[in-house]
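Heads up, the chain below is alone and in the form predicted on its own; it's given as structure tokens.
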Amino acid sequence: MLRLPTFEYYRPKTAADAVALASEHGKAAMYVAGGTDLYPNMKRRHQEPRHVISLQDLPELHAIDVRDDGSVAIGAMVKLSTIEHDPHIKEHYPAIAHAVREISTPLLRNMGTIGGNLLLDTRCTYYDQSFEWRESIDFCMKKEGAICWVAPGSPRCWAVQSSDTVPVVCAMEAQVELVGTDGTRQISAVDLYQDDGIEYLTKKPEELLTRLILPAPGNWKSAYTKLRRRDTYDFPVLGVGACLWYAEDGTIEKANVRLGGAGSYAMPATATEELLAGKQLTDELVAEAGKAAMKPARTMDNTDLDVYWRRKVAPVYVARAIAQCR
């Protein structure tokens, strides 16, 4: 049986108090929301915080608010199942509702939160094992070691971003709100992530993600497609978030396509985006845009399924996501 390490548990009543605790204890502290990622990682000794700060008692993080300008602010502690079944989100943000519905199982969606999914730890075949397994082959650079077992000659970690919501919120240019010791700031969701398997977040360690802010409905449509071995449970080995903005005549003004499960952040399919801009969305263009995504889908042997097959099907899933944005 895998057991949790010993830690002190806190339940602050305000975001400011939570941030103060995180700042006081530094690297020895971590926030916990639903705990569906952190606690299993602690049992495997991926993370070993001595101070765990619960966000359960922060009421402002549990609300979904439709703002006057049409945008929607979702508190970081809102349960995934709540988002999945929310009538307003299902009607105006079907790609978000679909991406959330693709996460794990109903049981875990009743526990997991949107904030936790946005900040999900990067994953890797060699990293996501028990302490004893990793110790037997020597640890990797993501935790206690000095080598990346995916690419032994590489100076960096290649663990992948495996959140279902990140590719689509980045594609639709959503915003996130962060609270830190210097106050509150709002940044683009894209700017929250960087291409590094270890330092995959740009926020300060003590900063608390408090809200996800979805843009107001308008002349855009978004979609999410997912590849995994088991269709009802697994993490994505590829997740495609796409968002297209349209002119009045149906011409695509702008396109964002993000690939999850292919790199340490939701990677932009730049060639695909450039190909779509300024054109009408035809079946031929959809197929061509999908093919253009093969290069950035830099599959490596760090997740499930055959590495070469994953690369070949990436254009198929990109094309499907684009087609759903008609």
Partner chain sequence: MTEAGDKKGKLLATFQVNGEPYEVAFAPHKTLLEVLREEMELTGTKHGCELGECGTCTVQVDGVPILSCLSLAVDAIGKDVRTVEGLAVGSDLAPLQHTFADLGAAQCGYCTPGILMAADALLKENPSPTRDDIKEYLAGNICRCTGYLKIFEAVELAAARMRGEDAEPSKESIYGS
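Residue numbers count along the first chain shown, from 1. Quick caveat: nothing in here was measured; it's all calculated off a predicted structure.
Just so you know, the form predicted in complex with its partner chain exists too; it's not on screen, but the next bit is about it.
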Subject >> Contact segment among 67 to 75, 231 to 239, 190 to 198, 86 to 94, judged by heavy atoms lying within 4.5 Å of its partner chain in the predicted complex >> reply: 231 to 239
Original post:
Of Gly183, Gly218, Gly250, Pro106, which one comes within 4.5 Å of its partner chain in the predicted complex, counting heavy atoms only?
Top reply: Pro106
**OP:** Mark His62 yes when one of its heavy atoms lies within 4.5 Å of a heavy atom of its partner chain in the predicted complex, and no otherwise.
**Re:** no
Subject >> His98: touches its partner chain in the predicted complex, heavy atom cutoff 4.5 angstroms >> reply: no
Original post:
Does Ile147 make contact with its partner chain in the predicted complex, using a 4.5 Å heavy atom cut-off?
Top reply: no
Original post:
Taking heavy atoms only, is Gln56 within 4.5 angstroms of its partner chain in the predicted complex?
Top reply: yes
**OP:** Give a yes or no on whether every one of Tyr31, Arg50 and Leu120 sits within 4.5 angstroms of its partner chain in the predicted complex by heavy atom.
**Re:** no
Subject >> Within 38 to 69, the residues that have a heavy atom no more than 4.5 Å from its partner chain in the predicted complex >> reply: Tyr39, Pro40, Lys43, Arg44, Gln56
